[in-house]
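The chain below stands alone and is given as structure tokens, in the form predicted on its own.
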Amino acid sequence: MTTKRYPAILPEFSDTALIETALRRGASRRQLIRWLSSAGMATAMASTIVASASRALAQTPQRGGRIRVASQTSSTADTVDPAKQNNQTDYTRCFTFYNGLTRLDQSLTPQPELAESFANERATVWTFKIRQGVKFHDGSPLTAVDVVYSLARHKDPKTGSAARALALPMEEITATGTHEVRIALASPNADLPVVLGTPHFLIIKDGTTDFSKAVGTGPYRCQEFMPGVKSIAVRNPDYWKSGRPYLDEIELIGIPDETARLNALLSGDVHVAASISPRLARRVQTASGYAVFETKAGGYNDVVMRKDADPSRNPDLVLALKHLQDREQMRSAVFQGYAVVANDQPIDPTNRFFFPGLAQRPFDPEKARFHLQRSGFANTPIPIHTMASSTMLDQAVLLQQAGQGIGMNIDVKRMPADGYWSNVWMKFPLTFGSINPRPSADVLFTLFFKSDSNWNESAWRSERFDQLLVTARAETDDARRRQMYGEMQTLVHNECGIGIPVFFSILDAHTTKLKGLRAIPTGGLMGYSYSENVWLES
């Protein structure tokens, strides 16, 4: 793998901790923003990263204390088996007990974790040097054998891994030394280190089959785990990261009802209420001693216009609907400002491959009227199906109101949440979808835009797009990949039957005594990995 070189005062990557190091060495905020921008990062994102590092540098971590965290799900299916995780509560819990080979930073760039370095041959054969001196919670040393076992078990259908599809391209996973692992892929993938930084690929001990408790290398040891009730994590005194973690204990519980979760925070019963909606954020902001932590991320609600059905196969109707999206109004009214304007393509500004050169499609009722008249559907009822009691419905109503101004008769069909994804989404010509953040441009494009994908929402087909997708996946030069991903974003914007008005933020509420949070755009609470980074201010 080619390693980029920069002046000694600057970090090699966009990771916040390394930015902090550069600030300590005397780098100015302007220098760092300019460097990140020259490396291809959007200026707004570069400013956010540097500001976050500056705030963190101004704080001094304190040791000790106990926190109680309320997540949004709880069931008897809760697990501490990384392979079987299926919700945000599982991810939050497992990142407390385990580490991955890599971790993702604020721009979704993979950084070394249990692998102290990684290199590749043409993005097909990867070598990972495993960090020495790391111990599992039972005192046994981490070796390459543990890594091989952890990765290989995903491929066995008996494991029931939620990430089996991502693991199957790993044709050979071999220990080539006590602290070296070789992975040979069926086809090139420059994003393998990104994949290995996602929650399912956390590393467990060789031979582990009992997950009544977690035995990992992570910042906390598992003192108690009761599925559907709680988990209690206590500080790992032998953690391999010097000085971390800061807290003595973390209790994680699930409170599925959002209002009840927030009430538990405001009453002092918990210190963190994960994943709250913008409509409840105002309650937090007006309550003394509490704050909202915003993670700008790539999640979005989209208007899905199927290219294989009437009336949505009509290109003028598609353009009319795209120009009817009042993005600023949706950002402020639906998401209370906790969103950024999008541009009918799925790569958001936090992503290192975001293409800022794509001209913004404006809210333009006159253009929408022009295309509506050309489509032949003026004054014809146009049904759009959406989930009731959701931000998708709020967006659909705003679209409906905009349509009335140009003679477009949008009929909003309010569908129950139960069964929406199996019975409604992609089953009608016009529906609303909702896509969670994904760890890479490749994963997003592959899942939702590749011609033969099961989740190709609008049934869009583009031979050029598919060719670029495969070529970019195999390309290890970031500059060339950035050019390809830029063209792909342009193709989706111009041709695809998807309208993406905004990227919405993830919101977590917490006591202001909790410090150290930084945004990682794969999910809330630092991409679920908050536990080793936070502390309580006395």
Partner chain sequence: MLMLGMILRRVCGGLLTLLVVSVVVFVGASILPGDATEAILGQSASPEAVAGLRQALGLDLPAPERYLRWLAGLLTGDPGISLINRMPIGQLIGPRLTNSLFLAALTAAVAVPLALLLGVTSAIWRGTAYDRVTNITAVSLVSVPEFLLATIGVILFAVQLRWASAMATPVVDSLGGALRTLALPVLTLSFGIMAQMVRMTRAALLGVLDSSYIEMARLKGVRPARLVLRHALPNAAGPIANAVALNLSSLLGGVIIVEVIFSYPGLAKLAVDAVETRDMPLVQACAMIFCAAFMILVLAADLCSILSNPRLRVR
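Since the model is a prediction, treat every value here as computed from it, not as a measurement. Positions refer to the first chain, counted from 1.
There is another form of this protein, the form predicted in complex with its partner chain, and it is not shown here; the text below is about that form.
- Taking A417, A359, A260, A186 one by one, only a single residue has any non-hydrogen atom within 4.5 Å of its partner chain in the predicted bound form, and it is A260.
- Distance criterion of 4.5 Å from any heavy atom to its partner chain in the predicted bound form singles out P256 from the list G337, P112, P256, G407.
- Contact check for R331: no non-hydrogen atom falls within 4.5 Å of its partner chain in the predicted bound form.
- Using a 4.5 Å cutoff between non-hydrogen atoms, R221 does not count as a contact of its partner chain in the predicted bound form.
- Not displayed here, its partner chain is kept clear of P141 by more than 4.5 Å at the level of heavy atoms in the predicted bound form.
- At the 4.5 Å threshold, heavy atoms of H323 stay clear of its partner chain in the predicted bound form, well away from it.
- Exactly one of the stretches 158 to 166, 291 to 299, 100 to 108, 363 to 371 approaches its partner chain in the predicted bound form with heavy atoms within 4.5 Å, and it is 158 to 166.
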